[in-house]
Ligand code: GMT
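Take a look at this one chain, the form predicted alone, written out in structure tokens.
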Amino acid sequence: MAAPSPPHLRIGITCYPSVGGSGILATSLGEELALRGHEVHFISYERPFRLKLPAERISFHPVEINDYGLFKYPDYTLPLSVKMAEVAAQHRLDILHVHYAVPHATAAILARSMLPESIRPKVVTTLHGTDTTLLGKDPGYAPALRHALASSDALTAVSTFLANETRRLLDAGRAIEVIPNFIVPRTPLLTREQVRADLGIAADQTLLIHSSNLRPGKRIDLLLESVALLPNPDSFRLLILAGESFEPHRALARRLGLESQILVRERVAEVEEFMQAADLSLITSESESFCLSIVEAMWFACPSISTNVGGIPEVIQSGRTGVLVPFGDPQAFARAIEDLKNNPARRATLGQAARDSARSQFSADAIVPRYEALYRRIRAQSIPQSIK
């Protein structure tokens, strides 16, 4: 006789809904959990930008933010905590899984305390990066971060680098489970050839790609400086998939003479169309806890050239699935680009290894069961003896 299936869970997910790796991961996780039979409730101030609704077993609960004259700045944490408590009580949530400690973990812990003990959900906090590496250094936030981490029922981080940084910066002595990011690529609607034709990429041109929210840590200045050092400008084009406006960087692009080499697409939800058409992905970040866009490129056999920072060496095996270069050295970065640009056979070898790595290490099948196991483990600990 087959063993009975484990019971399905009711999970609340809160993330930043804007363009960024944490929101993409949270959305993919919620969608995959729903496909596996769990009930998922997204709670945020707006629908996550990649979340497709309606969807079976997925609900979205918007948080209303009132701009009272009493407050100099509108408050989000308190109305978020109230909405979390309301959804948890109404739908008897087992888990509140929050992405980023501030303000989401703080709000979840407050929401939990509002509820009777018999229906309190467990709080899982996933750290993605700047909630530790930036806010952890700020004395105005660090005590709240420490409290959020200490009060969560489970902590996860997307890389060993981030877990170690959290312990170092915040004296977090408790267990932090490392669960890497994953992606679930959508099937492109256009072929590689169609996308390249639409972009105006000639058959003999190399398509370089950069995908990010363009925030300061992504160091778009170093990206442009590196590309400007490449010989033969007509031999390549740089496509930038920008989560935010590229306008602040256009002046530098003009000064470097790159205007005709750069193509920009802003707030692209379906990045797969472009990743399959690219030859090389470029990442010049100053710090990264993981860098989901590298995995998005890997899935389509597009190797990345990246700065050797943070958690990126946990994603790229330099010389096997991509190339790592020292941070802050545009000349070295340009040499790495030119080397692979002129060696399509080497690119193909790296790309195939990158695709194999993405599918074996960073797929939903590899990662989602780890979250399910974590949820069930802490849920079993949370049920009072009187109601087991």
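All residue numbers refer to positions in the sequence shown, first residue = 1. Predicted, not measured: the structure shown is a model, and the values here were computed from it.
Below, we refer to the form predicted together with the ligand, which is not included among the displayed structures.
With the partner omitted here, the stretch from 231-239, 283-291, 244-252, 262-270 that lies within 4.5 Å of the ligand by heavy atoms in the predicted complex is 283-291.
The contact residue chosen from Arg196, Lys218, Lys83, Lys122 relative to the ligand in the predicted complex is Lys218, the criterion being a non-hydrogen atom within 4.5 angstroms.
Only one of Val158, Ala148, Ala111, Val98 lies close to the ligand in the predicted complex, with a heavy atom inside 4.5 Å, and it is Val158. The ligand is not shown here, but in the predicted complex it comes within 4.5 Å of a heavy atom of His128.
Among heavy atoms of Thr14, none comes within 4.5 Å of the ligand in the predicted complex. Although the partner is absent from this view, Gln276 stays clear of the ligand in the predicted complex, with no non-hydrogen atom inside 4.5 angstroms. Put simply, Asn213 is close to the ligand in the predicted complex: some heavy atom of it is within 4.5 Å.
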